[in-house]
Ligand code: 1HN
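Take a look at this one chain, the form predicted on its own, written out in structure tokens.
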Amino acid sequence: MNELGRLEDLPADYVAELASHNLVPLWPNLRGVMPPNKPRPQTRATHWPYATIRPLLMKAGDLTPIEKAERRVLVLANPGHTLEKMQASAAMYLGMQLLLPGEWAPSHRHTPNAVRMVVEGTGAWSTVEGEKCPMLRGDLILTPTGLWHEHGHDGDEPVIWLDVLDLPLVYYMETSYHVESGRQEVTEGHGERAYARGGLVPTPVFERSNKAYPMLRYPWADARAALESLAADQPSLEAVQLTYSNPETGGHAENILGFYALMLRPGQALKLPVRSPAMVFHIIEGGAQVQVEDQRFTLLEADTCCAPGYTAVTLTNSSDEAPAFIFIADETPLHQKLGVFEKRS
């Protein structure tokens, strides 16, 4: 392959004239935007220990009342994208959010899709489009694009959860904004009750629901039981993993990011296929070693880490006696919709 010309090879007055007309020569920059053979992700393998985050988040609770913060969050920023951009990968934003007893985070809606993975505490709830969702450890709660949501706390201990949004993508497209509102009126109906059994969905005898997201809360108790049942039913299954899905369509729970629950058997090491999407790993129960190429992270309960796309990842249960349960978020739905999803051997 011929070596492309460099920008410094061009006369300075020519480059300046191009710039004055808002023009840029492609050939000196071509390999930067389309490198040979595979991308060069800016996303770096990064580990955020919960033991480091929690005291700083609690200090934020002392320093900033909820009335001034609206959402009291510490962003898990990937240094490969620079901390100022506040993103974990090209399309994923992560944040640890704190809600103290008696607090209320006002209702709003926004264009980015979001989910909440509850990390610790009891007594908090999220109301999403009128559906009041209790927040228990390991629960996944959706707040999809455009839906009103607020958070409140009736308990007596701090509640912390992990936010996952497709904010970097929506911001890049210049479509990110939010709208504020007052308290929502709670309505009847809970998606996790209506869709409580796999393979069975409500029959629209008179009319079908017009909800794009019929299930907003995915209780951890149900997901954990499903993983254990799958592992028992298929003892030779290499990857005991379930996808959080829309029970009416069978597709991903949200449109841009994918969410999964993974169980590692005691002592198990699982080598994942090399794929194009970046991935986020969050420990719900137990602990795991995460090997990303030549980097190795030890994840304890509530720890989070990310791995860039096109990299080899191996997950190893730290215990030889008990299973480990991991929440995973990735960019698979986005890559599939764009036609760039790729799996390499």
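Start at 1 with the first residue shown and count on from there. Quick caveat, the model's predicted, so the values are computed rather than measured.
In what follows, reference is made to the form predicted together with the named molecule, a form of this protein that is not presented.
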{"query": "Partner-contacting position among Lys271, Lys132, Arg71, Lys211 - heavy atom within 4.5 Å of the named molecule in the model of the complex", "finding": "Arg71"}
{"query": "Contact residue in the model of the complex, from Arg116, His153, Arg217, His252 (heavy atom within 4.5 Å of the named molecule)", "finding": "Arg116"}
{"query": "Heavy atom of Asp139 within 4.5 Å of the named molecule in the model of the complex", "finding": "no"}
{"query": "Heavy atom of Arg275 within 4.5 Å of the named molecule in the model of the complex", "finding": "no"}
{"query": "The named molecule contact in the model of the complex: Gln97, any heavy atom under 4.5 Å", "finding": "yes"}
{"query": "Residue contact check: Leu169 to the named molecule in the model of the complex, 4.5 Å heavy atom", "finding": "no"}
{"query": "Stretch in contact, per heavy atom within 4.5 angstroms of the named molecule in the model of the complex, of 228-236, 159-167, 260-268, 187-195", "finding": "159-167"}
{"query": "Sequence-ordered residues of 97-112 touching the named molecule in the model of the complex, heavy atom within 4.5 Å", "finding": "Gln97, His108, His110"}
